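First, one chain by itself: the form predicted alone, in structure tokens.
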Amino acid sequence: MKKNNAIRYKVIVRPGGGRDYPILIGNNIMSSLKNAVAGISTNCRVLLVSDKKVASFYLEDARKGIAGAGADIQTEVLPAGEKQKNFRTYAKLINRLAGMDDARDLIVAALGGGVVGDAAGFAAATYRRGIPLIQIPTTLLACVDSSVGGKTAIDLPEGKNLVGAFHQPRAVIVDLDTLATLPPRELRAGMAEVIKYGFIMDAKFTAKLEKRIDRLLGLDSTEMAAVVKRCCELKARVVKADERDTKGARAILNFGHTFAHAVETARGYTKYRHGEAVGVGMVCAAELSERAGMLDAGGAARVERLVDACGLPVKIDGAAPGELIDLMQRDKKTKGGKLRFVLLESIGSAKLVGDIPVRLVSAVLKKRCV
């Protein structure tokens, strides 16, 4: 991707009950961290959290950007991988913050993908009942989804994101140049969350993605900037309507995720990247939508084609239908012991549906599990 040293887009997130914050999208814009930090405090200490893979590329750039605000900076570099979203990591981050705590303000800056953003965000949400957080996503999935909206969490052996808190960032800095160092598999995984927005909220966006998916996977800078902007706009709209996921509006963002979280847990968070699990989860949810009589015939096939075009799995390897259904019973969207899923009414429209018969879910999984 060409370095243009420019902020291409600015999207404002307006949480229903919280402070507005900007998402800055552009190329080579780590220097924007100076203003992001200074806008919070001119006398602060910053804990910059990253993982080993990301830090080798971008830790110094982020540090320089933050240092421009005159902040005192400490770093915590974690091992990479979903398994780091645990209580040990949380305790490590909390202890670091406690050791830095003095008369100056404290800020957490999360440089990395969803794992770093979730774990560092949860530490920021809970230390002193909440300190400022800046998200600096470096994966496509984090750029369009996990860095925006304030959900932070760690995992338990029993399931993903079962311990967490809502904590909106004060700014999100999306430097598109960081996507250039993503392994192809990670880029494809991120595309799952991109296409999700079209399926649940914007049919025209889906049509554009179907035509331009090759350009996006080729990291066309102009196309990528526009797509990230649109995804962030759609996410911001949902966050404004339902910041804390209590009104039902935000639930649509979990399209495919009930299946995905069960798949991830069943395979110990090692077989599938999150986006890969979401990809096959959306295929399952679309088929379930048809079986439930909500989605017209052919809609599920269209979802499967776009998921497959992104290079994402459309089958579930190494997990049994019964095991996955048992894990779904523990999902946060399950209510009164009854399974609930985000299903499609059409391409571009989705809703949370309760009391789905287990036999329909089982039929989908028997077809998809190999």
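Throughout, we count residues from 1 along the sequence that is shown. The term rigid core refers to the maximal set of C-alpha atoms that superpose within 1.5 Å between the two forms. None of these values were measured; they are calculated from a predicted model.
Form predicted together with a small molecule: not shown, discussed below.
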| item | value |
| --- | --- |
| In the model of the complex, the residue from 130, 248, 268, 183 that sits within 4.5 Å of the small molecule by heavy atoms | 183 |
| is_contact(residue 51, the small molecule) in the model of the complex, heavy atom dist at most 4.5 Å | yes |
| In the model of the complex, residue 260 touching the small molecule (heavy atom, 4.5 Å) | no |
| Residue contact check: residue 141 to the small molecule in the model of the complex, 4.5 Å heavy atom | yes |
| Contact flag, residue 234 vs the small molecule in the model of the complex, heavy atom cut 4.5 Å | no |
| Residue stretch of 198 to 206, 218 to 226, 81 to 89, 289 to 297 approaching the small molecule in the model of the complex, non-hydrogen atom distance within 4.5 Å | 81 to 89 |
| Residue shift check between this form and the one not shown, rigid core fit, residue 264 Cα at least 2 Å | yes |
